[in-house]
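First comes one chain, alone, set out as structure tokens in the form predicted alone.
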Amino acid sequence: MTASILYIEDDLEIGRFVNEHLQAQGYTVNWQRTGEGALTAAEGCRLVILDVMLPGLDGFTIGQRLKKAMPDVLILMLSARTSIDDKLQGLQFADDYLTKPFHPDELTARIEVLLRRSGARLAEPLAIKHLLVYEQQNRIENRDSGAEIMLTGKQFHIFSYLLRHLGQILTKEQIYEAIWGEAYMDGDKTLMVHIRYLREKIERDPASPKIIETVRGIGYRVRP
């Protein structure tokens, strides 16, 4: 499966190696050595391969901004940082995390898996209670009525983030920082207000939500 890939890596030797390998596999690659202009460069790309240690903004910050602006773009973190904390931080927004050194065949295999999953999500909507969610089309349908549910950009980003972590309890801090890209301030009601309006659109009974569950004192989750 071929696709257009944005590859952000400042190391010349690794960059040339990966760039040549991916092109040999039939991918169209745009190799950038910094994250400057990443949002523009990612337009039209199916997947972004992103190093963590970059000049200027680090890969975590760039990745969060990309996912916030383009929820459908696939992000594969490629980093020498192997600690579990780094991996967990990356996987809050990224679709995969591969540590250096790596074999090029493993990189290719992971890319193919991500693209296959992405294609499956496009063809087969995710069924949650009475909803059909077409994540890559930014579309939600009410199975009861067949009507499309219209969400704002922020509402869809919040719901998509919860769905990408289906069944997991996410803290208010995690959700806020992933969606707004800035530190959560204790007592801030912004997320709570957006969740309330989101529930009014997707829940059968917003006063007794069955899709977005509040985990008291922690945050929220969507059960499978």
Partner chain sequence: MKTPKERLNRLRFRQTLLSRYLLIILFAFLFIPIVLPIATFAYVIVQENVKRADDSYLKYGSSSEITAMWHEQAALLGQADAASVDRKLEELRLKYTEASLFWVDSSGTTMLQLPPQERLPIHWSPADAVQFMKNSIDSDPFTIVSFLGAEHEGPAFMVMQIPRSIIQLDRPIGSGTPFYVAILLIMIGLFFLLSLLFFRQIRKRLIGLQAAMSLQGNQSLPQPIVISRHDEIGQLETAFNLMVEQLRESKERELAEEKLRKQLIANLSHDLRTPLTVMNSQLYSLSREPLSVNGQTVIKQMELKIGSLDNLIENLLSYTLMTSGRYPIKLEQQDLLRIVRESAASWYPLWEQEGIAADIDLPDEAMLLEVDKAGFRRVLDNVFQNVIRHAKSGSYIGIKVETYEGRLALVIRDHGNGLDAHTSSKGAGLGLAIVNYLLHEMRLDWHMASSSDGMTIYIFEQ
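Residue numbers count along the first chain shown, from 1. Whichever C-alpha set is largest while still superposing within 1.5 Å between the two forms counts as the rigid core. Not measured: the values here are computed from a predicted model.
There is another form of the same protein, the form predicted in complex with the partner chain; it is not shown, and what comes next is about it.
The closest non-hydrogen atom of D11 lies within 4.5 Å of the partner chain in the predicted bound form. Taking the partner from the other structure, the partner chain in the predicted bound form has no heavy atom within 4.5 Å of any heavy atom of S145. The partner chain is not drawn, but in the predicted bound form it has no heavy atom within 4.5 Å of K68. A residue is said to contact a partner when one of its heavy atoms sits within 4.5 Å of a partner heavy atom; P101 meets this definition for the partner chain in the predicted bound form.
Checked against the partner chain in the predicted bound form, the candidates L163, L57, L39, I169 yield a single residue with a heavy atom inside 4.5 Å, and that residue is I169.
The three residues I84, V215 and I218 all sit with a heavy atom within 4.5 Å of the partner chain in the predicted bound form. Look at 89 to 97, 110 to 118, 150 to 158, 76 to 84: in the predicted bound form, residues with non-hydrogen atoms within 4.5 angstroms of the partner chain sit in 76 to 84. With contact defined as any non-hydrogen atom lying within 4.5 angstroms of the partner chain in the predicted bound form, the contacting residues in 15 to 45 are F17, H21, given in sequence order.
Residue displacement note: I14 has its CA displaced by under 2 Å between this form and the one not shown (rigid core superposed).
Core-superposed comparison between this form and the one not shown: the Cα of A69 travels less than 2 Å. Whereas the displayed form keeps them at a certain spacing, the CA atoms of Y176 and P55 lie at least 3 angstroms farther apart in the predicted bound form.
With a change of no less than 3 Å, the CA-CA distance between L166 and V113 is smaller in the predicted bound form than in the form shown.
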